[in-house]
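Let's start with one chain on its own, the form predicted alone, as structure tokens.
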Amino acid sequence: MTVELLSANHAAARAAALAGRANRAGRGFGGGVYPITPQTECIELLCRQEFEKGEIVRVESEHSAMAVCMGVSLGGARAFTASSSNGLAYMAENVVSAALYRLPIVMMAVNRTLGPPWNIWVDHGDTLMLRDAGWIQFYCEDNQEVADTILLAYRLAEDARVLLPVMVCQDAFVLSHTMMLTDLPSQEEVDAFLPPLELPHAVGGKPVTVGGLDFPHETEVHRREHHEAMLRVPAVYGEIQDEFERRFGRRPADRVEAYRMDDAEAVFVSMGTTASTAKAVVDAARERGVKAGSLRVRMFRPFPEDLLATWLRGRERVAVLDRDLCPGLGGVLWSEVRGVCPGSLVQNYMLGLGGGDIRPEHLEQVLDDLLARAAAGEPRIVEVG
């Protein structure tokens, strides 16, 4: 392993290249790429990599980028792309298709506010827009986690019990362009961790039809199979955590990462880099005698209802921190978390919308508001810009 100072964009590209070369004994590696701020640096670096088998294809749109990935994957090769914001929206038709074809594509999604008006800063609404597209979704807290998750995403996606695409999400600029020391494994280590892909429904050898017409009952069967595969993800992920730790000496975070939760009475629930700030505020609150804790939802799809229900059982007050907004409802994360902890006061706070910095003083205000409440109220937007 080597420790390098890398942005999360470059960490993702390097990890994807390692995973791609690991399939040289199989059908190789490829994907379609199209630039969009703030993920462009990732694909620029990836395009400069050399592969023994396969290539990265520069295309004219995000829709075509995913189409190339589907072709690469259907051919039995390992596939990767990256996108963000309106690029993901333009890609959406093929994002859904990739999942329904059960293709183990990995995509890095740099979370950015959807426009217009145009905004290039972080907001989780772009990937949460695709939460029902049938992809596994991870939300990363730092650059090391981005690199590690790219690698383990292939192991998870390509497992015969799963065969689903994976979206690895990271916060725009907070991670994408921020340099951190990142530990990258050697090619030999990645080769040992990622066996060559053997896609059972890869094309080649005889003519096949892909994406033909389904009658209603056939669709019912396919949807059930897709759902059952998603339900198997937690157990398979647990096995991959063990294997990753054996190979690389560090354990990937659980689907829900708990911080100082043993006796917590007031709990922050968040995703992405917001969790780092929440931990600092929890530490400060503990020094004042407030029993605070934090839960970070790392895997949003499949939704970790079991872990959240366990961690939140009996907690008095829960603040769900959303970096997104579903107009007319509130935060997307809150809309799913609130059903798993009956009896708790669960209040939604939307903050950092459009990329405003979420600072400790903002979460201190949230905690004060949470502790002062007699009951939960309407979802609240906290202005931090």
Partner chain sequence: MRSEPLLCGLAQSEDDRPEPVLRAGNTNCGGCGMSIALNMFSRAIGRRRVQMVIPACCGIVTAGAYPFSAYGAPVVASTFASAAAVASGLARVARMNGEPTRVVAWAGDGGTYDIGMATVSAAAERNEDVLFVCYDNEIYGNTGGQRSSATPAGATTTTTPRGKELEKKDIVGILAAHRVPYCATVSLAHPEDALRKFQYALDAPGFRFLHVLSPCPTGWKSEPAEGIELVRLAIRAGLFPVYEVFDGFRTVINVEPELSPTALERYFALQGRFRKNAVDLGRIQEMIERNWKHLRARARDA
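This structure is a prediction, so every number in the text was calculated from the model and none was measured. Residue numbers count along the first chain shown, from 1.
Beyond the structure shown, there is the form predicted in complex with its partner chain, which is absent from this document and is the topic of what follows.
Of the candidate stretches 316 to 324, 332 to 340, 62 to 70, 348 to 356, only 62 to 70 has residues with heavy atoms within 4.5 Å of its partner chain in the model of the complex. Of the listed positions (161, 222, 288, 246), a single one reaches within 4.5 angstroms of its partner chain by any non-hydrogen atom in the model of the complex, namely 222. Contact annotation: of the candidates 132, 265, 93, 228, the single residue with a non-hydrogen atom within 4.5 angstroms of its partner chain in the model of the complex is 93.
The shortest heavy atom separation between residue 55 and its partner chain in the model of the complex is within 4.5 Å. The shortest heavy atom separation between residue 235 and its partner chain in the model of the complex exceeds 4.5 Å.
Its partner chain is not drawn, but in the model of the complex it has no heavy atom within 4.5 Å of residue 306. With a 4.5 Å cutoff on heavy atoms, residue 242 does not count as touching its partner chain in the model of the complex; it lies far away.
Taking its partner chain as it sits in the model of the complex, the stretch 101 to 120 comes within 4.5 angstroms of it through a non-hydrogen atom at just one residue, 101.
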